[in-house]
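Before any questions on binding or motion, here is one chain by itself as structure tokens, the form predicted alone.
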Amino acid sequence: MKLNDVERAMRAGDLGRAPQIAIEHQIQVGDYFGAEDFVEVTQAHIMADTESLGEAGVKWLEEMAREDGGRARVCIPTITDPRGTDFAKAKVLKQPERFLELERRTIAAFRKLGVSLTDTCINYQTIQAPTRNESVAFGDTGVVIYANSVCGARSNYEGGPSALSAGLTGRTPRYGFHLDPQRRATVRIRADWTPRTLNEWGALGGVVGKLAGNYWSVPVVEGLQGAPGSDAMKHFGAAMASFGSIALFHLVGITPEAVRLEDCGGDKLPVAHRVAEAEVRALMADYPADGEVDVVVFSAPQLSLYELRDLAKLCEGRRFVKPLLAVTSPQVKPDCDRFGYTKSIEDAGGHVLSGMCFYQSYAREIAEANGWKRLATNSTKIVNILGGYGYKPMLASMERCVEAAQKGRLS
């Protein structure tokens, strides 16, 4: 890779041991992907849950925090993805103390490194959305696909060490979705039906993700009627990333790089697939919303203030016989409290959790501790994941999920 004067100084250790370790890591990543040089980035976002980090990852973070006599610091705004717990609700989830101690150690290490503990996967709704052509280094798949597609920013999926390295160096290897050619459409899809609810938007995203099929594919979707809002885009992109590892999509007339089909090169592609309501319903049928329910979860992605407002209204006058968990960010939670949404949800018997993500919270262990098996949710992303944790996930609208918490079953 071509290095400028600052990068050569980092590599020589002139700017400290931590930046030296970071840029050596980045050079290896860049060499692997064929990057010619680095691109400066303005923000970094790090996967922070200890289920992903494990003991080895936490020790590595602690070692980095001790470098340069404990003076190592990130040089650009660097924030965290959700943690593995909400300490205020750990007893509700029945999370073992050994997991909580790993969380405490991780938090301490990040603080020493100057990382801002935002603990959110919806930073584009709550912290600072990147702008078109802004180069960033984001880790969470839902964050990356939203930033690339809806905001028009530029990021690859950055693994934890790579995202922290970007925070320490202020740059990342210039490859993949930082390059114009990689952002051109590779598969053209015609949508003959437009979703209405968030679970339907997620299911359509899942269908598109499966059709596109791999990280380097860039689907362009035409035919949608009307522009989806931020929450719909959030569920659509998160599910597409989950089902297909997709990092960038275009919606004709909606997303910034596809005002016209030809803007993203879609006009040069044949229509490879047509997606109607039947295809979306078929994916939803893989997670049948029928029968007894053990727990209802709204998570993955974290809920926006508007989602919590809608949920709170649905909870009024109800009393739940099954646990309902609504997961949001530390930025949204205070407003949820202030506007009375938390009270409405918790008066019905639900719980509003902050700063975590359900499937990153030792989901298998808490299922065993609580006797949870059949889980209802409106998140298409989470149903795609939780089968691997021993759950039988059920996909339904927010309204039906709330009814399931009240009645103990979906019908």
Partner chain sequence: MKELIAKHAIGKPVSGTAMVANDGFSARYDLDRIGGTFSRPTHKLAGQSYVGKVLVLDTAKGGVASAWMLREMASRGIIPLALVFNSVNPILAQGAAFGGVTMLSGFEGEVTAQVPDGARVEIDPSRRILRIL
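Residue numbers count along the first chain shown, from 1. Predicted, not measured: the structure shown is a model, and the values here were computed from it.
The form predicted in complex with its partner chain is left out here; the points below concern that form.
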Tell me, out of 348, 29, 65, 366, which residue has a non-hydrogen atom within 4.5 angstroms of its partner chain in the model of the complex. 29
Looking at 131, 245, 182, 197, which is the one with a non-hydrogen atom within 4.5 Å of its partner chain in the model of the complex? 245
Against its partner chain in the model of the complex, would residue 360 count as a contact residue? Criterion: heavy atoms within 4.5 Å. yes
Using 4.5 Å between non-hydrogen atoms, is residue 225 touching its partner chain in the model of the complex? no
Is the gap between residue 299 and its partner chain in the model of the complex 4.5 Å or less for some heavy atom pair? no
Looking at the partner-bound form in the model of the complex, is residue 54 within 4.5 Å of its partner chain by any heavy atom? yes
Please tell me whether the candidate spot formed by 160, 215 and 388 is one where all three residues come within 4.5 Å of its partner chain in the model of the complex (heavy atoms). yes
Going by heavy atoms within 4.5 Å, which of 36-44, 66-74, 348-356, 380-388 lines up against its partner chain in the model of the complex? 380-388
